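One chain follows as structure tokens, the form predicted alone.
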Amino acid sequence: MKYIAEVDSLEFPVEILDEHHIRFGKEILEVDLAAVSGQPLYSLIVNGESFEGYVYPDEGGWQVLLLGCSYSVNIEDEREKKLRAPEASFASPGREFTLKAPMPGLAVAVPVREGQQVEKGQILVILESMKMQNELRAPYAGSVARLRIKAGESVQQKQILLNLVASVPTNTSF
């Protein structure tokens, strides 16, 4: 089965070959995914390397917290995507990303301020949950449009923490 995985507005072709093998782009990966204790926590093994991630349903897709980064993920069957192609449009450079708490916890640090320019991968919020600190990072360069929390505040799962507006790229190639 072939799918298109959209991760923070970037598309990746994924093909499920069998129960433990997928083709990701041109690479074939050995994978194993299992839920941990009925929680939104998943164990993922890719080519023998182990990862843990939190996965929550979101409007029309999923919020995934993996390696301290939060991602918006949508999975779509390749055929369905092709059928919808005429109505699809490119994401504008000013697109807005809404960072939501992937789990309930405490905002131990918010090292950004409203209006601040941030780089891709820069820490936006450090969220403590289940005695672990998770660094929530920017999925792309942009500016903090609206900050909705302060350090020391408790947050609920899916609570909006901040909004980030993508920077206009200086060099675009097609």
Partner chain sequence: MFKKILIANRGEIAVRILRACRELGIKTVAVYSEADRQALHVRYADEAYLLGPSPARESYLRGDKIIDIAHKCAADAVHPGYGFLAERADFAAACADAGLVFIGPKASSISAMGDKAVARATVAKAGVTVVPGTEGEGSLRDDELLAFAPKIGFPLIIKAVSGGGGKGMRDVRNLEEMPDLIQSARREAESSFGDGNVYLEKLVEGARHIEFQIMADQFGNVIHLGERECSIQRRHQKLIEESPSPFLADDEPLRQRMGVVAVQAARAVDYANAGTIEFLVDKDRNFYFLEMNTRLQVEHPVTETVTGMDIVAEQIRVAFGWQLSRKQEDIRWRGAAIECRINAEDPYNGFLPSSGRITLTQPPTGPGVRIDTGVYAGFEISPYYDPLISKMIVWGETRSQAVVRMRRALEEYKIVGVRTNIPFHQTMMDTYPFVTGKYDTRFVEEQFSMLDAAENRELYLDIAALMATLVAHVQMEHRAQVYGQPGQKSTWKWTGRRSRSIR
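Residue numbers count along the first chain shown, from 1. Just so it is clear, the structure is predicted and the values come from calculations on it, not from any experiment.
One more form of this protein, predicted in complex with its partner chain, exists but is not displayed; see below.
Undergrad: For residue 117, is any heavy atom within 4.5 Å of its partner chain in the model of the complex, or not?
TA: Result no; residue 117 lies far from its partner chain in the model of the complex.
Undergrad: Residue-level contact is defined here as any heavy atom of the residue lying within 4.5 Å of its partner chain in the model of the complex; does residue 157 satisfy this criterion?
TA: Contact with its partner chain, yes.
Undergrad: Does at least one non-hydrogen atom of residue 165 fall within 4.5 angstroms of its partner chain in the model of the complex?
TA: Residue-level check for residue 165: no, no contact with its partner chain.
Undergrad: Might residue 16 be said to contact its partner chain in the model of the complex, defining contact as any heavy atom within 4.5 Å?
TA: Yes - in the model of the complex, heavy atoms of residue 16 and its partner chain come within 4.5 Å of each other.
Undergrad: Which residue, 41, 145, 149, 141, is the contact with its partner chain in the model of the complex, using a 4.5 Å heavy atom cutoff?
TA: Contact residue from the list: 41.
Undergrad: Go through 42-76 residue by residue and record those having a heavy atom within 4.5 Å of its partner chain in the model of the complex; state none if no residue qualifies.
TA: Heavy-atom contacts within 4.5 Å come from 42, 43, 44, 45, 46, 47, 48, 49, 50, 51, 52, 53, 54, 55, 56, 62, 63, 64, 65, 66, 67, 68, 69, 70, 71, 72, 73, 75.
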